[in-house]
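First, one chain by itself in structure tokens, the form predicted on its own.
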Amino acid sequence: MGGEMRIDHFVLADFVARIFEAAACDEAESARVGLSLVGANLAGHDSHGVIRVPRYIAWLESGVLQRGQTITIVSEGPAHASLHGNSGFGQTIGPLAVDFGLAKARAAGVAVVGLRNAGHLGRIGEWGERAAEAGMVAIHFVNVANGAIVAPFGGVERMFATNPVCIAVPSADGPPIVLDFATSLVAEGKAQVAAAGGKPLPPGALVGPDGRLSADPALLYGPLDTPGVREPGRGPGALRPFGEHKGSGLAFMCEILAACLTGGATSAPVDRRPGRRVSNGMLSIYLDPAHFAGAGFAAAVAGYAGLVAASRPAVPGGTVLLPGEAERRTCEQRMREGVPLQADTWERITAVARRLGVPLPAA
């Protein structure tokens, strides 16, 4: 089924929340999930948006994801903590872990927080923004336990997850500056979007078991006309890292920091069966500028950012964008015009809604 539709972000967030309420999540958690997923769509990260709804519901129903959880403190000190996410929704566990780290950083100047066994944490930039809006610098390294779908540089076997890295800083005269990227050439969710008839993958985004490069998402998911939730374990191929050896090396270090150091599991070896247990690990570093550069930090950031943004573009009439600026522009546009969804994505979400007895939004 081809084509694209647009839906108001308030309507979409409410619809998603009602789906999770029908799946026995409480009202507050359902609302958090809806707002977070739609927030990713608004930022242009459709790979981490509502396309995830069918997979989240499948994880809930299989017990991979747990409702109503909180963080457990495994160990802590004045400037560090080890936390367990108890397989709870990332949209619940994520903000709890961030706020826990922020409180420690305010007191000690710096805090390092290891989180393991959290449900899918979604767009990691959301947690960077949360810290930066509180006046803190945040650095996040993430992996996906049992979720290897990326081949290392020079290889064809799945060894890494898409392993995002995020760095967020506050600025004195505007929103936080947020760098947020997957260490794979594209996020797995972008392959989902391509499989649903959305934006195609760039050439060479995937590699087959024979070493041949491809942009065909069927290498991840198997036949694309299979009904139900698309699972990357059904295909024979793998995503590739960005920047060849550089992205591959960074993905490797995400496994070390977000899995080995936090006490979680690495992305590989992996059980590739549908319904396998998948969880996120995240190592977060929080820095309070008041303990370093002091009150002038945010102004210094704003001043330097202004210089970079005002620098001469390569193309006359073009724009030099700061990290996170493209997402903000996309958000403004989609709040005005609605969130674009591929027809295939909408069909799969509404199929879940109908099965759970959730009325569809008005046309």
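Model, not experiment: these values are computed from the prediction. All residue numbers refer to positions in the sequence shown, first residue = 1.
One more form of this protein, predicted in complex with nicotinamide-adenine-dinucleotide (NAD), exists but is not displayed; see below.
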Against nicotinamide-adenine-dinucleotide (NAD) in the predicted bound form, would H84 count as a contact residue? Criterion: heavy atoms within 4.5 Å. no
Any non-hydrogen atom of A187 within 4.5 angstroms of nicotinamide-adenine-dinucleotide (NAD) in the predicted bound form: yes
Quick one: does F100 come within 4.5 Å of nicotinamide-adenine-dinucleotide (NAD) in the predicted bound form, counting heavy atoms only? no
is_contact(R240, nicotinamide-adenine-dinucleotide (NAD)) in the predicted bound form, heavy atom dist at most 4.5 Å: no
Per-stretch contact check against nicotinamide-adenine-dinucleotide (NAD) in the predicted bound form, the hit in 168-176, 229-237, 115-123, 73-81 (non-hydrogen atom, 4.5 angstroms): 115-123
Has each of H45, V144 and A182 got a heavy atom lying within 4.5 angstroms of nicotinamide-adenine-dinucleotide (NAD) in the predicted bound form? yes
Could you work out which of L321, A28, M335, A300 is the residue within 4.5 angstroms of nicotinamide-adenine-dinucleotide (NAD) in the predicted bound form, going by heavy atoms? L321
Applying a 4.5 angstroms cut-off on non-hydrogen atoms, the residues of 324-348 near nicotinamide-adenine-dinucleotide (NAD) in the predicted bound form are G324, E325, A326, E327
